[in-house]
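Encoded as structure tokens, the following chain is the form predicted on its own, with no partner shown.
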Amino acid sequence: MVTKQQLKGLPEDADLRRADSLAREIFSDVANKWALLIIEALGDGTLRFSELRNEVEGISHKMLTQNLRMLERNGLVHRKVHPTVPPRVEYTLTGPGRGLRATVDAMCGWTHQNLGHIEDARHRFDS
């Protein structure tokens, strides 16, 4: 989390601690499992809706649609509609989306690195 000193001079909307800040809203949007998994899947290139759905196992049509719209609204995903019949729609990460993917990759690495520890802790807790 950012300290008050680091926020000095920045607009109030940059403060994640404020419930009404734009930063908190963006953080809330992208910090969900489906958004993170979509960003990870798109990190390898451009995908169509059905390809994304196959890449992100367990996501429903509705959740994929909602999350793609949210990511597009936040400027993290570019949606391109090709004028064909039926229309072909492709999704690609934007520059900021690729930047976020680096963070998602780090989170995936952390998860893999700590999987055994977390599994052990859960076992102890649940016993």
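Under this definition, the rigid core comprises the largest set of C-alpha atoms superposing within 1.5 Å between the forms. Since the structure is predicted, the reported quantities are computational estimates derived from the model, not experimental observations. From 1 onward, residues are counted along the sequence shown.
Omitted from view is the form predicted in complex with a further copy of the same chain, to which the following refers.
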{"property": "Ala14, heavy atom within 4.5 angstroms of a further copy of the same chain in the predicted complex", "result": "no"}
{"property": "Heavy atom of Ser28 within 4.5 Å of a further copy of the same chain in the predicted complex", "result": "yes"}
{"property": "4.5 angstroms heavy atom contact with a further copy of the same chain in the predicted complex for Arg73", "result": "yes"}
{"property": "Contact label in the predicted complex: Phe49 to a further copy of the same chain, heavy atom within 4.5 Å", "result": "no"}
{"property": "Rigid core fit then Arg18 CA moved by 2 Å or more between the shown form and the other one", "result": "yes"}
{"property": "Pair Ala19/Leu22, Cα separation in the predicted complex versus the displayed form, closer or farther by 3 angstroms or more", "result": "closer"}
{"property": "Cα-Cα trend for Trp110 and Arg18, given that in the predicted complex the distance shifts by 3 Å or more", "result": "farther"}
